[in-house]
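Shown here is one chain on its own, the form predicted on its own, set out as structure tokens.
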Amino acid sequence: MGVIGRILGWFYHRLNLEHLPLYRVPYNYFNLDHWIGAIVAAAFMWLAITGLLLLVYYSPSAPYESSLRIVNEIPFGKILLSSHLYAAHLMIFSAYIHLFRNYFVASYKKPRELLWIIGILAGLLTLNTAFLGYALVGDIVSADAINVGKGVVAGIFGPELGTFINNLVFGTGGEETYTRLLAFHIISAALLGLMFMAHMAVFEAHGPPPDVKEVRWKASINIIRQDRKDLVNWFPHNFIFIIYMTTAVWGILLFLVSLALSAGKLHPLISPVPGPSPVSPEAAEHPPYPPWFFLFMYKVADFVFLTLDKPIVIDLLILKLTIPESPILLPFILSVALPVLYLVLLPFIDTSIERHPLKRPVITIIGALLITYLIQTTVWGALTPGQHVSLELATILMVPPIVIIALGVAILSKIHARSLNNEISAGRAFVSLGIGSIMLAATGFFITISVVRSIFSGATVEDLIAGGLGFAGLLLGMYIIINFGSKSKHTEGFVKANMPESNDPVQEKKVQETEKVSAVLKEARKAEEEIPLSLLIMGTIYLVIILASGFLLANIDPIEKAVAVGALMSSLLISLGGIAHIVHRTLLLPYDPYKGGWKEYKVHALLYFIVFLNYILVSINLLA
């Protein structure tokens, strides 16, 4: 501990970090709930590194051929291209989780409005960058994505402006198309990098918001006071934890890539390697798909009742506005423009001091519906690409979630309010929430399935599966509501039902200082600051894994045994992450004594399990 502290202290002073405006955070903030954004950042860093390496070998004059050459002839090329693609998947998926997590805990409230808006814009730029990169491969999926993209642009902007934009972005065909796509992909990625820097700078201006339980879910106290006794410095604590998160995410990413490569042929939407050529016979059997993260809009575009069959002229006295006929304009407005506009304006719509989801029922309902419809239309579009949807079917599948989620939030909000006002006991409230949630889920099931079956008298299996998506969406929406409504670790908790709420900052400060923090720190600092033997043993195991993985990597053909290479690289990175976590835990010993048990070992249990699976993949691949 002493040697590590002196080494880190040397860097701390030499880098002059004590004068940087980096917020200190409580020692118990180092968990996944507060660090989901780090997954997004780690995925973006991997994309930047692998993207620059891929540029060395990619040629827009022969996109498909150069993609195949990277996969089949370049050492580590299959891992580079596949992990670049999967990093984009991971970044988008984790960005959605990051967005809705902050949405439901109201992290957008004053003074973090600008941080929220920059995050939304960065999300849009992420989707744009991913689409442009997705189209560069040159396979049938790439060709379909380009065609769908051109159709969307033409449908939104009309024939004249749409043609201009399409020629600008996609060129006029052949090599020019992929040259333009590559240029705009790099430009978009560079802008996204700048957006990330702006996002982090604004984040550090105020630091993370206080834990919702500490401030009784109130936004009136929305900055962590820097005179608290449980705070740790950004360096080395945050810095080491960032290293842990980054290497662990990279390791898990490479494990998923190796697993996908070992699985053989996968669906084109999730395949880690290029699909068939657009001019091959196999391409004729391939339905046109956009990238999976645009499937939701692709399905809404199948809502034929939203098609504008003729231009609409709106006369505003001083301005005459003509909306051109288009099959995609209204679907784009409903599925993209309005949700984005709502999210950007949300900090100025929801200006109350409440952060609890059940005290913001309308906001919670809208958020649950956004998640429900996003997943519903995405999976629906993957199962039934290009199949038109009538107004009757859309109503049947998409109205029940509104009714059931709204009813669920209303019931849960009422029960929650009564529990806080001591009208019912905490136990009764908990039981009521559980029974009510089960009843709502069952209601959603019977409503959706019974109505869909009555309409699809002669429906195919795919049609019935698509109908069942309504139920899946209901379950997800209810999970979000129940997660915040009944689990005490995410809410004010029914055990605190008798605690009075106060909006007085002075009172809040007294409440915080009289809680367990001071007592825990006093007890912790009495503990010996020695590294527990279990941490040393785990660190030694990680070192052995690093040495073994490095030795095997140096003696394996990176082209023929790409699965083994990816799995070994994954094991190496995960082990580095495990060591970083051990160092970080050691640095926290003065604040939090080592207790052992599952809570201490669960992270390392997961990391060791992934390493174990990696070595199974290595063995299978080497023996094949």
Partner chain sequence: MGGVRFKFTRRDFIRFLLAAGVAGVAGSYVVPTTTYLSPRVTQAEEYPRSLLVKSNGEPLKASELQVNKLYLFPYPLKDTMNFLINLGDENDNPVEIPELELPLVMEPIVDISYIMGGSKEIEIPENVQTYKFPGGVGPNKSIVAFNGICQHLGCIYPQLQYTRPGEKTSLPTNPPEIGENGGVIFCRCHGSAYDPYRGAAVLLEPVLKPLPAIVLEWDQETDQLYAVGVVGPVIFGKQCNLCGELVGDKVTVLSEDEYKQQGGAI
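Residue numbers count along the first chain shown, from 1. Values in this document were obtained by computation on a predicted structure and should not be read as measured data.
Just so it is clear, the following notes concern the form predicted in complex with the partner chain, a form of the same protein that is not shown.
Remark: of stretches 595-603, 23-31, 582-590, 36-44, the one touching the partner chain in the predicted complex is 582-590 (heavy atom within 4.5 Å).
Contact between W217 and the partner chain in the predicted complex is not found at the 4.5 Å heavy atom cutoff.
The partner chain is not shown here, and in the predicted complex it never comes within 4.5 Å of any heavy atom of P324. Using a 4.5 Å cutoff between non-hydrogen atoms, V279 does not count as a contact of the partner chain in the predicted complex.
Not displayed here, the partner chain is kept clear of A145 by more than 4.5 Å at the level of heavy atoms in the predicted complex. Contact with the partner chain in the predicted complex, defined as a heavy atom within 4.5 Å, holds for exactly one of E204, E160, E73, E392, namely E73. With the partner omitted from this view, the residue of L374, I531, L256, L125 that lies near the partner chain in the predicted complex is I531 [heavy atom within 4.5 Å]. Contacts to the partner chain in the predicted complex (heavy atom within 4.5 Å) from stretch 47-61: L53, L54, V56, Y57.
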